[in-house]
Each structure stands twice: as C-alpha cells, then as structure tokens.
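Here you get one chain, nothing else, as structure tokens; it is the form predicted alone.
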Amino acid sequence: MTATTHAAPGEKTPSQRRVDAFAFDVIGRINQAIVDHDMTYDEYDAVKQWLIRVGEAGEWPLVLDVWFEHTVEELAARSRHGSQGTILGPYYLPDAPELPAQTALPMRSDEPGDRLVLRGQVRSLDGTPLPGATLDMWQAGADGYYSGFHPSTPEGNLRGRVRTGEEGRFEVQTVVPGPYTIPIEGPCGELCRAAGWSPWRPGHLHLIVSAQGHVPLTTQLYFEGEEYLDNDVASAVKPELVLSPAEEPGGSDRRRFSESYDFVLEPARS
C-alpha cells in the first residue's frame, strides 16, 4: 500500500485514527471522573454553563494556555537538548524593534520598578558561540501589565529583538517584572475562586532565542524569592529557569540587580 492521505473504503486515515484514539480517551476519562466524583445533575448543569460562558467570553485560549500548554511543552522537552524551555503564553506580539547586543529595552523615561541587567551568551550545543542570534524579549512592567494588552502601557513598552554580538554575547537593561493575575473577571477567574486556586503568575521575562541553523527556544526566566513560584497558575516554572540576581551598590532611589544567563540552542535536524 503506497503512502497516501486517503483510506480505503471503510478504513480510517492515520489522522482519523489518532483523533479517534485521543478524543475517545479524553471523553472516556471525563465520563469516569463524573462517576468517580458522583456528579449530580445540578453540578453537571453548572459545569455546562461554565463551558458556555468560557466560549462567550473568548477565554478558550486562556484555558488552554494556563492549564494545558505546560504539559504539551513538557512532552516536547523530552527530546530537546540544550537550555530549558517553557510555555509561550498569550502576550507575545511580533515585530518588536531590533536592538543591538548591548542595549536597553524600550521603556518610559519614568518606568517604575527596580532595574535589572541581564547578560550572557548564546551558544550551540557543542559550545560554539552564535553571533547574530536573536533574543526576542517581552515582559510585564513592575505593575504586572503588558504593552499591547493594557491601555495605560505605551505601545512596544519592554519589547525588543536583541541581536547578539561577537562571541554571541548580549547585555540587556530592563526592569524587574511584577507578578500578575490571569483575567479574574471572567469564567477562568470564577473557576479559580470556586476551586480555591491562586490566579497569580510570578514575575518573569519571556524570550524566544533563535539562530540560523538552530531550533528556536521559547522560555521564561523567573526570580528567586518570588511569592508565586511554587503555585504558578500556569505551572510553567522550572528550577533551571529561576534566577538569583545580585544587587549592585548604588545611591539612586531604585535598586539595581544584575544576572548572567547563557542560552544553549540545539542544531536543527537536516
């Protein structure tokens, strides 16, 4: 039988078999959970109405990002070599400005928050430095708000595409990002309250690190001592991604921290 996307009459295609197996398994597990928890009709109707409200509020992407993406990412990480990755999250925007290897992310002149310098190197798996690699960076401000998603934050604030210099090195000045909650006014927030779950994410830096001939790395960097590291609503924190920035001496009204962190990228398979 030659390779084809069509099945013989009465047979399922490979993609149909995979969908069949996954959907049958998921539906079966949900039905078993209904039995295991002795769900009443009132509870069933409440769940049904919640699912309808999720769709009406446009929160299905949020549901998937917060409660399921981390598992898909962990499965993908099993075959990944190099630096640790984690979820993309919902706040990425393309076409951020390109910045040099030694730079500051775009920010307001009076940007609130403690200052942070992140420096490091991008290397290939064999240790070869990768000059011209790109660190696509974005983050919330100290107030927990992302540009492009909150009206009080200027467009493009704390977003940039940093190009590494010689020896694949970079040095980026920014601010320490603040923690924030997922949207709590809609059905996802309702679920957190009903279940007694924390809706908070710890402050973090987002990065997509890429270089020609290498597999892009999507990751986040967190900070030691953050209140929500151990109960991140998105379950995206990994020990390898937690920084311990050193405070630098200075007499200004803002604290200053610095940290070094290197990224190791896996060569693309030919």
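If you're wondering where the values come from, they're calculated on a predicted model, not measured in any experiment. Start at 1 with the first residue shown and count on from there.
Separately, the form predicted in complex with a small molecule exists; it is not shown, and the next lines address it.
- For the options V215, I208, L62, V54, the residue carrying a heavy atom within 4.5 angstroms of the small molecule in the predicted bound form is L62.
- Contact annotation: of the candidates A96, A142, I182, M107, the single residue with a non-hydrogen atom within 4.5 angstroms of the small molecule in the predicted bound form is I182.
- Contact with the small molecule in the predicted bound form, defined as any heavy atom within 4.5 Å, is confined among 81-89, 151-159, 115-123, 167-175 to 81-89.
- The closest non-hydrogen atom of W200 lies beyond 4.5 Å of the small molecule in the predicted bound form.
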